[in-house]
Structures are given as C-alpha cells and as structure tokens.
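Consider the single chain below, provided in structure tokens and representing the form predicted on its own.
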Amino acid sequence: MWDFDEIVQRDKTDSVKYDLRTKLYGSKNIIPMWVADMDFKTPKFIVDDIKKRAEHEIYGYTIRNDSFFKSVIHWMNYKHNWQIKKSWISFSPGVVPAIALSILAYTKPGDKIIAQPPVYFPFFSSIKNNGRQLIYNQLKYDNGNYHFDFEDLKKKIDSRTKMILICNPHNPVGRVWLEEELTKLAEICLKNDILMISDEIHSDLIFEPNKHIPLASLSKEIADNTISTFAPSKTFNVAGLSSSVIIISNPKLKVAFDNYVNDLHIGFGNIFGNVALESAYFKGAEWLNALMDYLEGNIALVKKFIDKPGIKIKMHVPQSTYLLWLDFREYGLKDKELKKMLVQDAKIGLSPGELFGPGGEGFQRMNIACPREVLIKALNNLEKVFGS
C-alpha cells in the first residue's frame, strides 16, 4: 500500500539534508545519511488533510481545537498505554525549543544541568548557550550495549544541580530504557530535587519486542517532577511543520512553561503543523507498522554487511530509532581521518560521533530511513573503502 522503495528527488527543495551537503561536507556528490529526517514521503493521509486545509485560502491566526488535544490523548493511550489529560498538554514549536524553554523556566544562570553522552548534541548547546553549567554523566558501554551510570550520577550531584536531560529512547545509541532503569534514575532525581526533562521524540519508533515506557507514566510522584516532550516529526516525517506537544501534569510547572511560551509569542504554532499532528495521531497506526517493518529490513541489511569477513565496523542492533550507531574504532583512525575517508572515498555523509559528546569518539551515526536501493549503494561504497 505504501511504497518505501520510491526514490524522491529532494535536491533544490531547500532541504537541510540535501542542499547543505556542499557546505557541511565539501561535496554535493555524497549520499546524505546524517540528519534525522526520512527520505520517505510523508503519509498521503497527512498530505491530503493539509491540502484540504490549504484550500480554505485564509491562513490567519489559528487555535488548537478539542480535536487536536483528543488526537494527542488518543495516541498516548493507543501507542504507550498512558492515560493523560487535556489540562496536561502544552505546545512548543519543537522538542529542542521545549528543552531550552524548560531550562529558562526552571533554572537560573550558573545552575548545573546533567546530560548523558553520547547523546543528541543540541542538549549541550541548550545548556551552555543559556548560561548554565553542563555536567556529563556518561553512559556506560558494556559488551556492545549502553547503560545508565548511576554511581557516576550520584557523584556529580551537588546543591547546584537542578535538572537532568534524558533521551528516552536514546539517540544516538538506540536504547529503549527499561522500567527498572528509569525508576532508579527517577528515584535519584526525586531524592535530590532534580527536575527531569524527558525527550521522547523517538518513542514511536520502537522495534519489537521492546516497549517504550514514558518516564512520567511510572508514578504520580515521578510525573509531577517530569517535563515530557513528544512530536510526530520523526515518526511521520513532518519536522518542517514545527509542532510538538509537551506533557506536564504538575500545574505549577505547567504554568511556568506556558508563561515562557506566551511571553515569547511562539504559542500559535503552524496551521499545517496542527493539521499534520492531528492527522498522524488519529490515522497513523497502520502506516507506522509498515514503516517499522521496512526499517527492520534495512537494519537487517546493514547487519549482514557488518558481519562480512574483513569488515571491522561494529554495530549493536538498535532497539529504537532509524539511526545506527556504528563503531569504527578498530580501524585506529583519528576522527578527521575517518570523516575524510567516509566523505572523499566512500562518498557518504554521516554524523561524526564526537558531536555527541564524550564516548562518541570513533563512532558515526547513520540514518537508514531511506529506500533500500540507496542503502545498498551506501553499503557497497563502505565495503570498497573499509573492507579487507
């Protein structure tokens, strides 16, 4: 029903992924597999709903009506078995803006905020650029898998530590955190009065038998100390429509967040973003199931390549996301040397691991949300350069 094999030309569409290749990699002739958007068409039901709204021909200031909120409540219940209330839902033009807004709303300049690298690198700039202190609680890497380092976390906490940014599920390492892991993390934060900001933008992209657990769904006490961020952008390829939902059950915290949104006059959002979000959350289940099947096929293809004799690249099969965390360390290359070989020889643009903070050195993040033909070409290029 849906053709994920279709190759859609994205050149000269003002695409960050395609039209910034020369600026970022020095060449247009590379396969872009870096930024986290997909090369699949946005689902037709979303496109049709946007077209229908566009036909009205007046695009004035727009509110989010009851149907918008019902779509969010429906999706959280359907996808994550989490019952939320309309009064908990706030708006943000994006998850990263919501993180920055939370930092401004709940902390003061000089406060310490914890991030858990290797992790989505805008976490770092959101902390540092707003005059707060960035504290690393690096993930533990053990036998190809990642875990929270609770002992290190406890050591890093002092009276000035006010917040932690949590990636759930984790980008770039692909972990789906278990209930016991999230509970232990939350207990440490509750004990030390540390507010938890949970980035759950990849929460729909979970491979079976793994199951996403919204951090705030664990208990009322944990929910009242958590700011949860969601969006349909990664799941349904609508990142350019700038619509995210922030779920805050604590009334005091919600008022503080909403005040910043209102003071900055960014609360109206995007007409077509509102339409896309509602359409995705009411109609997206069947399409998402098909997408996940296709992504699993792509991951299996990469795994088959990784397992070839002479290939020293390592990969732990991700539990979530369409982002692979590839370990090139056995080649003994410096990061600049590795990037040069990838770009100039393999003609592939990946996300350098060092961008993601401590623990990312020697790794590269690969976006495999593309038609299989494109992925096969990229893997063949890699084999020519990094094979025996």
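Position 1 is the first residue in the sequence shown; the rest follow in order. Quantities reported herein were computed from a predicted structural model and do not represent experimental measurements.
Below, we turn to the form predicted together with a small molecule, even though it does not appear here.
Of the candidate stretches 70-78, 89-97, 290-298, 254-262, only 89-97 has residues whose heavy atoms lie within 4.5 Å of the small molecule in the model of the complex.
Taking non-hydrogen atoms only, I46 never approaches the small molecule to within 4.5 angstroms in the model of the complex. Although the partner is absent here, C167 sits close enough that one of its heavy atoms falls within 4.5 Å of the small molecule in the model of the complex. Among heavy atoms of S203, none comes within 4.5 Å of the small molecule in the model of the complex. The closest non-hydrogen atom of Y120 lies within 4.5 Å of the small molecule in the model of the complex.
Listed residues R175, H212, R132, K234 were compared with the small molecule in the model of the complex; K234 is the one with a heavy atom within 4.5 Å. Of the candidates L324, L342, I30, A36, A36 is the one whose heavy atoms come within 4.5 Å of the small molecule in the model of the complex; the others do not.
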